[in-house]
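This document contains two forms of one protein chain, each encoded as structure tokens and listed individually as structure 1 and structure 2.
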Structure 1
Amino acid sequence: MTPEPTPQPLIEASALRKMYGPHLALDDVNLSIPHGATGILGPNGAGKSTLFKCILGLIRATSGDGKVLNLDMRTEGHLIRSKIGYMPEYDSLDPGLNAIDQVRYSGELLGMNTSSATQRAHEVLEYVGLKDQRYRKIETFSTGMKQATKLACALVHDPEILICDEPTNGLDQRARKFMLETLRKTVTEGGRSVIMSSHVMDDVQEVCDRIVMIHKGRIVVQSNIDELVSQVEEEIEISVWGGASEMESQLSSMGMSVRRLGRNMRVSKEGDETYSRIMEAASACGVQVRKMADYEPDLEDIFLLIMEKLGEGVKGTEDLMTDDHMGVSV
């Protein structure tokens, strides 16, 4: 049997660098983003928006190469933008227009004729939940409705890839949930690819299968989320009635690795016997264990551990992302 060919990545970059004057915003970015949903994570100023603008050919990388759907980022931006929907982080809407005209206009700017742009504007505004508000002026819209309109503008030409820069910014719980569900649906039902940036791990975890983490202009991790989670050391989380400090010392004196997190403690899990050893420790110091269960790490834990590792004086993260793992796709 011949093996299935590896599908071509949607986006590839090698040694991409972007300087704003003397300021280095992207440094030696090597990237491969496959079909599906990818989250771009990084603190303020990490370079997320700059990376999106390079991918879209809106700004030109200072050096290095990049391809999007096999088109050159540096010279074929116009063609790339006809295949990508872009929801920018800034306010890109005209407050004096109603939603239908705004979305139709976005379609026309992307080369659609008036009648197909109008038809699509109706369809996509319904898709983003604005069917009943489509004739209202954007200046009367809430932040959630404006974000949804920006999403409709990005979808008007039925792009293969949707790039959303901080799509949940400023949204309340209901609008956020709807936005995330719509993005997920665009991948699972629409078969499109979504690349979204966020500061909020939960948002990324709800939509994406893969993450790229950027720190100070460099890619520090690119991996499937499941694979990253499986690399985190297993821990048991416990909480006790009173005597937490005694319990902590007792666990340590019995050779277990323990860390306090507010009212809870996490103990490194060496195997199932760790459970009985925790109970032994509790009876030795006379405390009652209230809760004891395997801890399920989430993206937030991973992100914090990685960021901690990148910082100064990092302690206790050696087991997660050793230098061998950093910057390497898993």
Structure 2
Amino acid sequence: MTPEPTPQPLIEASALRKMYGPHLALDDVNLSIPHGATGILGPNGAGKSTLFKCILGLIRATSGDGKVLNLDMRTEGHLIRSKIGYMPEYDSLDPGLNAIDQVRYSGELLGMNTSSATQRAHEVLEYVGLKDQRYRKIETFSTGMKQATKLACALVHDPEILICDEPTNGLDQRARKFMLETLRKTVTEGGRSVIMSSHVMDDVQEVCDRIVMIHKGRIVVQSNIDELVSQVEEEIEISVWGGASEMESQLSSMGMSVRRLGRNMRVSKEGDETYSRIMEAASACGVQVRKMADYEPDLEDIFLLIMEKLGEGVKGTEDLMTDDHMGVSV
């Protein structure tokens, strides 16, 4: 039986380098993003904006090559951008328009005729949950409704790739859940690809199967999220009462690796005997263990561990990607 050909990557780059005068913004980036959903992570100034502007042909790379949907980023940027839908973080809507006119206008800007743009505007507004609000003015919309309208504008021309920058910003729990479900459905049912930048790691993990992490202009991680999680050291999470500092010291003195998070601690698991050793430590320093269970690592744990290894000392996701957004105009 003849093996099936390997699918062409969604986005690929080889030895991509970008200089701004003496400043090296991208340092020989080699990248391969498959079809599906991919999260783009990196601290402020990592090079995310420059990377996307290069591969979309908005700025010219100093050296190297790249393709999007097998189109050359150097010479076919206009074709690439016609196949991209972009949902920006910033407010890009006209408050005086109603939703249907805003989305139709977005379609016309992308080259659709008025009839096709109007029909698609009705379809995508229903898709994003705004069917009953489509004739309301955007200035009367909640934050969640505005975010949904921006998503509809990005989808109106049925793009092959959807780029979302902080799609859940300002949303309450219900609107956030609907947004993430809609993005995931765009991949699983719509057969499209999503590239998502967010400082909320739970959101990235909810939508994306893979991540690409950029640090100081270099790609430091590009991997399946499940594979990364499986490589994280196993830990036991405990919650103690009556002397957390003493418990931390006791565990350390017994040769166990411990990470302190207030009253909670995570202890490196070195076999099932670690449980009994934790209880020995609690007995020795007279504290109560209120909770003890295997800890399931998430994407934020992985991100912070990687940043720690890279010497950034980042303490939480609130320090990440707050000022450095993609800034892509398509």
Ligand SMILES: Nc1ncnc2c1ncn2[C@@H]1O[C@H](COP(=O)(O)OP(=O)(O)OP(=O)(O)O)[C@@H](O)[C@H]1O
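Each residue is numbered by where it sits in the sequence of structure 1, with counting from 1. Because the structure is a prediction, the values reported are computed rather than measured. For clarity, a rigid core is taken as the largest C-alpha set superposing within 1.5 Å between two forms.
Comparing the two isolated chains, structure 2 is the one taken from the form predicted alone; structure 1 is not. Residue 298: CA moves less than 2 Å between structure 1 and structure 2 after rigid-core fitting.
Shown in the overlay between structure 1 and structure 2, fitted on the rigid core, is a CA shift at residue 33 smaller than 2 Å.
Once the rigid core is overlaid between structure 1 and structure 2, residue 68 does not reach a Cα shift of 2 Å, moving by less than that.
The rigid core superposition between structure 1 and structure 2 gives a CA shift for residue 22 of 5.6 Å.
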